[in-house]
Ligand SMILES: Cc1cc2nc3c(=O)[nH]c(=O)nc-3n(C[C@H](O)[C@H](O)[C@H](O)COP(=O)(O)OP(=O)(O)OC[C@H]3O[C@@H](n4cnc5c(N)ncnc54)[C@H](O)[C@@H]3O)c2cc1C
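For reference, the chain that follows is the form predicted alone, supplied as structure tokens.
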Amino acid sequence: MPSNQSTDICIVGGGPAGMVLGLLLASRGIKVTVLESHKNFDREYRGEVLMPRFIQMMKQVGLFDHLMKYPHLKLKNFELFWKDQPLVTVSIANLSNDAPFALWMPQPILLNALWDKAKAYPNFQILFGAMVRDVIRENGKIVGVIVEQEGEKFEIRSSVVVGADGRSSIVRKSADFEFEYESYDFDVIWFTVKHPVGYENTVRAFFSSRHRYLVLPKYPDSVQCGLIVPKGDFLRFRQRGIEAIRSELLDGHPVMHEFARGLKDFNDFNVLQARVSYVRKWAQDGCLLVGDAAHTCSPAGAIGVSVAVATAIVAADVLVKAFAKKDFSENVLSEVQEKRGQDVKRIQHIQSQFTSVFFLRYPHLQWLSKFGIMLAAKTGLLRRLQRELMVMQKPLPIESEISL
């Protein structure tokens, strides 16, 4: 039977943001407990392509060389297609001198690589299958969480609880954090197809007369496709029957045709609501939100993981200083938002511009997408948006000591 525990930092969520934060804190001698609701890291993920901004920050904190020891591919181009006709190939290689490529690294590999590094620190602990049910609040301050593991409930007390548990954050809900804004214009219907013979691994966007697709390599031998539709359209597909979505996919790139012809039901699809959100205040006394728990990005530019991890790295810097002062008040922890909030909002705004360029908000103009892409490429707008999204313009605002 699990027993009550205490730790310096309790991080709820063992995704990229939570694991990077936990590793950086453990390396500074802080006792860390990470709570991961799943039994291991081997599960379905989206967003396994890591853009140059992720590489830049991994170099800044000294993790890049370690990660390169694990399976990965370097991707140097971003390609836009109209059906099976190439429209634009945009190089990733010359966006940043210190990060001349994007990485394809499956998240199970990334997370296990971070865990392997963290195992060197006896003050780092991760509990799998640990579901947080509520926060513990005493005298107006959050002092821990109630956890359920293997059917048993117990408490973990800590100086700070960090919510790194994604866009559906239990910590955010339990601690009554409020959104400053939340918008929702479209859904991404994700599905996985077999890797076609001769299909090169890179990041692609396919456009048809009906819809748009994101197409990403997926470990170990698949291709992950995301059909972008107005919000609620998946329900309309279901109401119209399997032939409706089969027809849609057959109108798209040939990489999807075999999958479409073999469809029998809707079980092979899962839907991500592309919500863009921003929590009004990321900190309370004894509690801090990072990553998607604090702010979510749209799929534009495939940078969600990078933006989440950037906030986690800045949080590590702030938390190390908080422990030095033994001050875990909202006033101290809110420094994370002071350092990251403006950049997050800037990125969200650029993503909004990016999606507007390609008519994601105007389905009835879909037939113009081809011309919009070519015009954006010719005028340099596409290149500017790409650089703004995929590359950090300056290093993260952290002390040099936050490095391995």
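Keep in mind the model is a prediction, meaning the values are calculated, not measured. Residue positions are given as counts along the sequence shown, with the first one as 1.
One more form of this protein, predicted in complex with the named molecule, exists but is not displayed; see below.
- With the partner removed from view, the residue among L250, L272, A244, A93 that has a non-hydrogen atom within 4.5 Å of the named molecule in the predicted complex turns out to be L272.
- Interface residue among A260, V332, I136, I170, judged by heavy atoms within 4.5 Å of the named molecule in the predicted complex: I170.
- The shortest heavy atom separation between S158 and the named molecule in the predicted complex exceeds 4.5 Å.
- Within 4.5 Å of any heavy atom of the named molecule in the predicted complex lies no heavy atom of D317.
- In the predicted complex, the named molecule lies within 4.5 Å of some heavy atom of S306.
- Although the partner is absent here, M131 lies within 4.5 Å of the named molecule in the predicted complex, judged by heavy atoms.
- In short, of 94-102, 285-293, 318-326, 232-240 it is 285-293 that has heavy atoms within 4.5 Å of the named molecule in the predicted complex.
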